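As a starting point, one isolated chain is supplied in C-alpha cells, in the form predicted alone.
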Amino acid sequence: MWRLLALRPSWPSPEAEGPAPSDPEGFRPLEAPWEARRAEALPWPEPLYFVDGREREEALLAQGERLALLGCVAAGVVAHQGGRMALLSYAVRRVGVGLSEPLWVGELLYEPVEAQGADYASLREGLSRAREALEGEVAAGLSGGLLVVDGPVRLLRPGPLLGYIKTHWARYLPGPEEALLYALRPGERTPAFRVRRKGMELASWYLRLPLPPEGLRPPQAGLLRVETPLSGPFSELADLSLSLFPLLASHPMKDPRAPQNLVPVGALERELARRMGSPEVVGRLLAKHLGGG
C-alpha cells in the first residue's frame, strides 16, 4: 500500500524552461551584419494560436523503497481571430509518475506514467514530460495560422511556429555578439543565429519588449529569446515577431512577470490553474485517503 510522504513536495512548481546547456562556442549567425534590427509593422496572421501548459506536484508517495509522484498537468489553446481572443480547447490530467497501475484517491484518478529512474529528480522529469505530451496533444489538432508556444520549441507542425523563452539560463552568444543584447531598444531584435537542441535545428533571436514605466532596469529586463525551426522562413518570422510580442507584453500593474509573460498566455495560465482545482482541497483529500488525515 502506498503511504504519503509529503504534500506538494516542491510547491510552487518549477518554471517550464529550466537550465539549459550553454553553447556560445557553437555560435553561427544566420543574418548579417550583427546589429540591432527593426521592421515595418505587419498584420497578425489568423488564426493566431497560443499553447501553454502547467504542472503541479501534489504528493510524494512511498511503497517500501519505491517512490511515486502524484501530480496534475494541464494544457490549453487560446486563439486570436477576427479581433477576438478566446479559449479554444484545454485538457487536464492527473498522473502518478512511478505508478504501475491507476490509483484512485477518493474521487481523483491518477494515471500511471513511466519514470526513467527511481529518484525524486527522475519523477519530476516524468511529470514535465507528461505536461509536454499534453501540450503536444492539444496542439495536434490546430491547422493553419501561426502557433506560438510558451517555452522552447519541442514539437513540429506543418505551419509556422514560434517558441519564446522568458528566462535566460543559458548563454548562446559569444562576448562580442552578446554585447548587442544590452544595447537593444524596445521593438528591436538581434539578427538570427542557429541553435541545436536534442536533434532539432532552430533559428533563434532576442528581442526587447517595452518596459513601462521607464527607468533603470537590469540588462536582461524585457528580453525574450524567440526560436523557430530552421527549415522555415525564419527571417520573415523574426520580423513578424516585432509586430507581435511587444503588443502582447503584459504590464507590471497586472502581472509580476511582466513584460515577458504575454497577456493571452497569462490569461490561459490562470484559467488552467482554475480548472486544475484548488491545491488546498486536493491536499486535504490526499491526506484523508493516504495520510490518515
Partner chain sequence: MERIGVVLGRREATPLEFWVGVEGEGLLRLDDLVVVEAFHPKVGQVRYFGMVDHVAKVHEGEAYDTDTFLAVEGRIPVSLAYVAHVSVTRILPEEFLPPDPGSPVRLAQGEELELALYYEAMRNQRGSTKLPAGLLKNGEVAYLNLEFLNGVKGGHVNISGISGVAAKTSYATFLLKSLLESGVLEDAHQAKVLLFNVKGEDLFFLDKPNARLTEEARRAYERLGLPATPFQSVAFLAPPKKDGYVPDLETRLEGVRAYHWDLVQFCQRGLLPFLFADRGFMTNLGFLVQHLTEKLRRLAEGQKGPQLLVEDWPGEDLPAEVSFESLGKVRLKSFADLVRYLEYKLLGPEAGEGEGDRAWTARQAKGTLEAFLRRLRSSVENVAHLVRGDRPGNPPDPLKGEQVHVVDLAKLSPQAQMFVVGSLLKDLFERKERGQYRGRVFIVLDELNKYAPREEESPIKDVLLDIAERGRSLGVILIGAQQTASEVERRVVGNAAIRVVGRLDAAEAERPEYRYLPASFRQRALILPQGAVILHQPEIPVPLLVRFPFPAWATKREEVREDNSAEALRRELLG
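Just so you know, these numbers come straight off a predicted model, no measurement behind them. Numbering follows the first chain given and starts at 1.
Below: the form predicted in complex with its partner chain, not depicted.
Among residues of the shown chain, residue 156 is not one whose heavy atoms approach its partner chain to within 4.5 Å in the predicted complex.
A residue is said to contact a partner when one of its heavy atoms sits within 4.5 Å of a partner heavy atom; residue 80 meets this definition for its partner chain in the predicted complex. Using a 4.5 angstroms limit between non-hydrogen atoms, residue 86 touches its partner chain in the predicted complex. Contact check for residue 259: no non-hydrogen atom falls within 4.5 Å of its partner chain in the predicted complex.
Screening 30 to 38, 230 to 238, 243 to 251, 53 to 61 for residues having heavy atoms within 4.5 Å of its partner chain in the predicted complex returns a single hit, 243 to 251. The three marked residues, 279, 285 and 289, fail to reach its partner chain in the predicted complex, with no heavy atom of any inside 4.5 Å.
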